[in-house]
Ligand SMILES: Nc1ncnc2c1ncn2[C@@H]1O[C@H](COP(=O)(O)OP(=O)(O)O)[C@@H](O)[C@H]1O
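Given next, in structure tokens, is a single chain: the form predicted on its own.
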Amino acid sequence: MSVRVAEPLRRRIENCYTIPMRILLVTNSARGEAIADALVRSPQKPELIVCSTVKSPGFAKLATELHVMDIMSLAKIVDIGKAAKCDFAFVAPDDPIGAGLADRLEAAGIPCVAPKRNLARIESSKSFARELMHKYGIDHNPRFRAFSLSSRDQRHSIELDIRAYLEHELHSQYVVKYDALKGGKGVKVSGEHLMTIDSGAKYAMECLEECGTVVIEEKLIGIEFSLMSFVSGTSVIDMPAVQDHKRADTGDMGPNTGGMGTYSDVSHGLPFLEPSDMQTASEINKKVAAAIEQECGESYKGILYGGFIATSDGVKVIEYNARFGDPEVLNVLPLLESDFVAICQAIITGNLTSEHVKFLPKATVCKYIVPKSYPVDKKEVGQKVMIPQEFPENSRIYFGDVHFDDTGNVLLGGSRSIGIVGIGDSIVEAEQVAQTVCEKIAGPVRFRSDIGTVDSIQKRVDLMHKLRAR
């Protein structure tokens, strides 16, 4: 005998047995916590299975399961995803993406918001990125050459060729790029890291010896900015533009870092850019996504991060990344109004449209709290940092290289520790929020107080006016 169940009651019965969505998140930094926070804000209320290099305070709150592990243990990550019956995965860092984690996950039946290894060469191979743009007529490269070493017998002749290129073609204004992932430390610039043609040639030969290929480019003069996009095939939806500050010290002085902080504007452009600059960067991202699909024969699915520079000769491409930037993601995801899980699902299924993506018209400023000796040394590892219990509603805190001890203290690692984000109706307001929170964090730490300030931004505006007047 069959029994007809009333529709409202039937739905309640079904909901009792509904299995929550499970998302596998692979991460190693504050970037991952910003991603996790955006995922759990979804009305779909997913559970997060997190594989992370650190047991950060943020993941302790956000994750259903937290696996502290080596995130290059790709087979183990796949096993964790299968055991948890994850609906899809989001891979945040460059190394596992470049090593092909997305390929392995998808082969195991777990769709992935990250490009496969072949497509991720847009980041993992500087020569692939440059040559792809050249091949498909994306005319925003600097002058460049890729040198390859197929046998040791070629070594002397290639070194002579490199020296001639540095001196006669680039006139000692050059950039040398290691042609593989190197933790953000494979790029050296004349006048900053390399002071002579001899030192440039020596570093280029070191790159050749280690990975077989080196890219040497014209040094560009201008102001850098980032434009990240959600990508599914040739559907490319932009996020707000962001500017990073790589130098360790106030006034853009000191050694390069992974990024000391960033800001974005209410307009989702930047104060020193023209609307045409933003349009150009957007078009380049679209053309690159289409070129990758044509070249590789399959769709790019994930985040495409264009690193650009505004010059007197227009917008040029510095590099591409195949994932969210850090700190840049700390600026953009807090402003995301739409369902991040739905965006991920649309990327996976190939249904991504602009209707999926909406950002608040707000400004953000991120300032990174770092150990005092960062990036030169790691003297503060294991020391305690004191964090306030309460924060303004228009601020966000994202934990990076820190961890809990057994009594709940937050201890420093050796790299960037905590990303502090202020949100406001102007960059000025957002900067004041971030600055106020940073000043309340105690311990053997420091931060750049000038990021997002009126004076700092005005210097960039003035420089662009001079460059455009040439």
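What you are looking at is a predicted structure, and each value in this text was computed from that prediction instead of being measured. In case it trips you up, residue 1 is the first one in the sequence shown, and so on.
Here the subject shifts to the form predicted together with the named molecule, a form of this protein not shown in this document.
Heavy atoms within 4.5 Å of the named molecule in the predicted complex map, among the stretches 69 to 77, 212 to 220, 266 to 274, 196 to 204, onto 212 to 220 alone. Contact annotation: E106 falls outside 4.5 Å of the named molecule in the predicted complex, judged by heavy atom distances. Among heavy atoms of K301, none comes within 4.5 Å of the named molecule in the predicted complex. Contact annotation: A322 falls outside 4.5 Å of the named molecule in the predicted complex, judged by heavy atom distances. Contact check for E224: a heavy atom falls within 4.5 Å of the named molecule in the predicted complex. Among V315, A241, V365, V175, the residue placing a heavy atom within 4.5 Å of the named molecule in the predicted complex is V175. Interface residue among A289, M133, A248, V189, judged by heavy atoms within 4.5 Å of the named molecule in the predicted complex: V189.
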